[in-house]
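The data below hold one chain only, encoded as C-alpha cells and taken in the form predicted on its own.
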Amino acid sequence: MVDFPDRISPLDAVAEPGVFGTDTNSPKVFLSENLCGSLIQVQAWPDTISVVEKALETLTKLAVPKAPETAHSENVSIIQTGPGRWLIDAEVEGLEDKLRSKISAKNGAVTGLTHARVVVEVKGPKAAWVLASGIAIDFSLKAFPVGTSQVSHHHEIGVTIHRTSEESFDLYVFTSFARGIWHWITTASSEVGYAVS
C-alpha cells in the first residue's frame, strides 16, 4: 500500500459524509473519493507504441488493453485514454520512477498525475442515471460494459469514466474541476437520495 503524506483533497471542504437529498431512508447513489497511490500517464510516440506497450507489460505484468477495454491486477489498472496513451492507476511503490527508467524520452513520456486528478466513485442503482444526466454517452451495459472506459466531458470539464461493475463507476477528473463535478453529481443525485462516505 502506498502512503499519502500531506495529501489534501480538493473535495475535503465539500464532500461531507452523510445522507442527503429527497430520499435519505433509501439513497440510490453512493459517492466517495478514492485516493490513488499513484496516477501516471504514459504516452508513446506514433512509431514507438509497441516499445512502450512492452515496457508497460514488463513492469505491470498486465497485457496492455485496447480501448475501450481496461486491464487490472490487484494493485494496478491500465486505461487507454487515446492512441498510444494510457492512464495507470497503481498502488505500487516507485512505479512512476521505474516507468521513467524503462521508457526513454525518444520512445515516450511519463507524467505523474497523482496530484492533478481526483477519482470520484459513483455507485448504486441510480449511478448510471445520474451520470447520464450530464454526460452525453450511452451508459447502458450493452454500450458501456463492465471493465471498459470512456473519455468524455461534462460541459467543458474532461472526464475519464471507468465502469468497474454494473452499478459502479470511477470518474477521473482534473483536480481544479473536482468541486464543479462534485456539485453537479450531488445536485443530480439529490432527486433520488445519495450517501457520501
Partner chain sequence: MKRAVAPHLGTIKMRLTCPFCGERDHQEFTYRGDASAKRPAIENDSIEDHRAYVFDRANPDGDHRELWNHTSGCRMHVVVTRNTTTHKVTGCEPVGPWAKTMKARS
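Note that the structure is a prediction, hence the values are computed from the model and not measured. Residue numbers count along the first chain shown, from 1.
Although it is not shown, the form predicted together with its partner chain is what the next lines describe.
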| item | value |
| --- | --- |
| Residue among K123, R85, K98, H72 with a heavy atom within 4.5 Å of its partner chain in the predicted bound form | R85 |
| Contacting member of S165, S50, S140, S26, with respect to its partner chain in the predicted bound form [4.5 Å, heavy atom] | S50 |
| Its partner chain in the predicted bound form: contacted by all of L31, A127 and T148, heavy atom 4.5 Å | no |
| Its partner chain contact at P68 in the predicted bound form, heavy atom, 4.5 Å | yes |
| S38, heavy atom within 4.5 angstroms of its partner chain in the predicted bound form | no |
| Contact test in the predicted bound form: H153 vs its partner chain, heavy atoms, 4.5 Å | yes |
| Heavy atom of T81 within 4.5 Å of its partner chain in the predicted bound form | yes |
